[in-house]
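Only one chain is shown below, in structure tokens, and it's the form predicted alone.
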């Protein structure tokens, strides 16, 4: 049962020392009660108080960081079962799996692909996250050599997969300070794996079949001093994965089984329908997804799905309002008004670039709504357009006063002309037709 803020406050030292990052102990207690802080942030909390607070005050799913540097990322710290309740915060990491039995050239090629390959969608660079290296050879020498090859090729987060602690020890000689994710601690080897993870400050995957077994293993690893855990339920099918991952999320966020409050691991390479496994992992709570190297088309599909699922459904991706240039427009260039819904912006921008006609895009603030929706909701109106023309100094950029508005905003054309003094031209409803429209209708 989660504790209330006042109950937590009674257990705090009440020093108001600010060392936790909050101005008072009461503020810190309120954050703890809301699952937005960790008890470890208080340096003056005694062990007895920590034991009482424990998992009832930390975020229901622990935040775990993988890697160091620019490509590092965080997983976990989720608060809801369904994204429409609030949002999902930390997208799953997608790792391409390679083996130490492959040639070093093959290992290096996959690593460089993950390092360099990115896709741009609605203004964001979409990338896979890292390399999962498996100790298929069973020898520590080959495993260490493969890790050295990956490290030489790129600075990427790693998942090190081996049943042998001696192989992991040899691999960590090359990357132990970069926080790779170690896979995996089991009932049989967890003490040795915890010692290794603790020594190198690495997150650790725990692996067991059955939720009770996972919870018990998590508790035992925590007692060994390893808090950054990721859970592998070792599913034998996609159906088993969905059942286990859903139960873990539900039991964690309701705190019915707080020992399950950790991110979830999925190895999709064991599925004969890998693309489907990745998709299910993204939408059903996997935080680390290991896959064989994907085709370009499959990678784009997975990254697009991940971006969609981890975009706040209550806050559409928005562009900053302003005057944007396409090419190098001059004083006679057309000015096209659009909204700050990012998908609308980048779709129109793409078609404008393909026309090779230099122009201006006047982006007005409709709070991220599309043209049709913003017109219907009254978010797009003549006052907004007038204010944008003035604010962004459009008259100083062009020698004319002609404004092209989207076809769906046609009902506003008269009112915009009356309020702004600009001549309004109604463009096409479909952005794909903008090139033909400019060729035929724009008068220089």
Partner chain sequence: MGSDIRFGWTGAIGSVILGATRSEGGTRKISYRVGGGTTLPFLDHAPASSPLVALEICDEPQYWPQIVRNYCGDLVDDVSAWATTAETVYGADLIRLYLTSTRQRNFSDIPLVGKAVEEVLSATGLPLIIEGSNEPGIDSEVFQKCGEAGEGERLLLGTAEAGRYRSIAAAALAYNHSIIAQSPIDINLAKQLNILLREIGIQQDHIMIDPYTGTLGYGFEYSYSAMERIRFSALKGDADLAMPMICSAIDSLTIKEVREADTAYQDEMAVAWEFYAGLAAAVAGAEIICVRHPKTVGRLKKAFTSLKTGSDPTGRI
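Keep in mind it's a predicted model, so treat the numbers as computed, not measured. Think of the rigid core as the biggest set of C-alphas that the two forms share within 1.5 Å after superposition. Residue numbers count along the first chain shown, from 1.
What follows is about the form predicted together with the partner chain, which we do not show.
Heavy atoms of no residue among 73, 124 and 292 are located within 4.5 Å of the partner chain in the predicted complex.
Exactly one of the stretches 192-200, 331-339, 151-159, 273-281 approaches the partner chain in the predicted complex with heavy atoms within 4.5 Å, and it is 273-281. Interface residue among 164, 300, 187, 112 relative to the partner chain in the predicted complex, by the heavy atom within 4.5 Å criterion: 300. Contact with the partner chain in the predicted complex, defined as a heavy atom within 4.5 Å, holds for exactly one of 269, 355, 139, 118, namely 355. Among residues of the shown chain, residue 240 is one whose heavy atoms approach the partner chain to within 4.5 Å in the predicted complex. Although the partner is absent here, residue 83 is a contact residue: one of its heavy atoms lies within 4.5 angstroms of the partner chain in the predicted complex. When contacts are judged by a 4.5 Å heavy atom cut-off, residue 313 counts as touching the partner chain in the predicted complex.
Taking non-hydrogen atoms only, residue 246 approaches the partner chain to within 4.5 angstroms in the predicted complex. With the core superposed, residue 327 shows a C-alpha displacement of at least 2 Å between the shown form and the other one. Residue displacement note: residue 391 has its CA displaced by at least 2 Å between the shown form and the other one (rigid core superposed).
Once you line up the core between the shown form and the other one, the Cα of residue 367 ends up 2 Å or more from where it was.
Inter-residue distance, residue 353 to residue 296 (Cα): increased by at least 3 Å in the predicted complex versus the depicted form.
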